[in-house]
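Just one chain follows, in the form predicted alone, and it is written as structure tokens.
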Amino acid sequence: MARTTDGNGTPVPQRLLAAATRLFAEQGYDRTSVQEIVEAAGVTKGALYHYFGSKEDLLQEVYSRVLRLQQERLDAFADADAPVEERLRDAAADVVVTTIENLDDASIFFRSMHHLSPEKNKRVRAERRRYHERFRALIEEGQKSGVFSSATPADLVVDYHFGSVHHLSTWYRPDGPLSPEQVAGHLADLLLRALRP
């Protein structure tokens, strides 16, 4: 019987996700076999199919787990008792840091999203849209109260910021000159400058 944890206590689902993430990042989703994933995770195919219905389910979870984390954090920032400018800056910086901390996941998703079935693709897009709508609501709150300029529609401001976030995996390098927090601060400041009345 397959062990539910490894020697470090890591549960099987997390081991499978870690192995899949590493292999998808190194080899690509389409060039990674289920056998390679289970061997790297130290489990059987039966264990994989017990926790995930398919390799495609692993791909979906690679992205969804980061988006869930980011949604929880955005909700906390949005609900905080602070001025809207501070809440938006914190949220804008946080999505940059959490994306950089999970750069393989982001890279895999944008390279491999087309491998998801239409139904799974629709679900992932709905999750991402929910995140973007909550982020946009912060901008609209600031625009309605006069803290932010209304000259640029909130949707365009959201697209501007997330265009930068979604391309981090194409240029950011951990050994580069800027830390994740520095990149996050710069991008958050750019966003706030674009909204200045």
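What you are looking at is a predicted structure, and each value in this text was computed from that prediction instead of being measured. Basically, rigid core = biggest C-alpha set you can superpose within 1.5 Å across the two forms. Start at 1 and count along the sequence shown; that's the residue number.
This next part talks about the form predicted in complex with a further copy of the same chain, which is not shown.
When you look in the model of the complex, the only residue of His166, Arg130, Lys144, Arg65 with a non-hydrogen atom within 4.5 Å of a further copy of the same chain is His166. Note on contacts: among Thr152, Thr44, Ser33, Ser54, the single residue with a heavy atom within 4.5 Å of a further copy of the same chain in the model of the complex is Thr152. Residue contact with a further copy of the same chain in the model of the complex: Tyr160 places a heavy atom within 4.5 Å of it. Heavy atoms of Ala137 never reach within 4.5 Å of a further copy of the same chain in the model of the complex, leaving it off the interface. Contact check for His115: a non-hydrogen atom falls within 4.5 Å of a further copy of the same chain in the model of the complex. Although the partner is absent here, Leu178 sits close enough that one of its heavy atoms falls within 4.5 Å of a further copy of the same chain in the model of the complex.
When two forms of a protein are overlaid on their rigid core, residues whose CA moves 2 Å or more are considered shifted, and Gly28 is one of them between the shown form and the other one.
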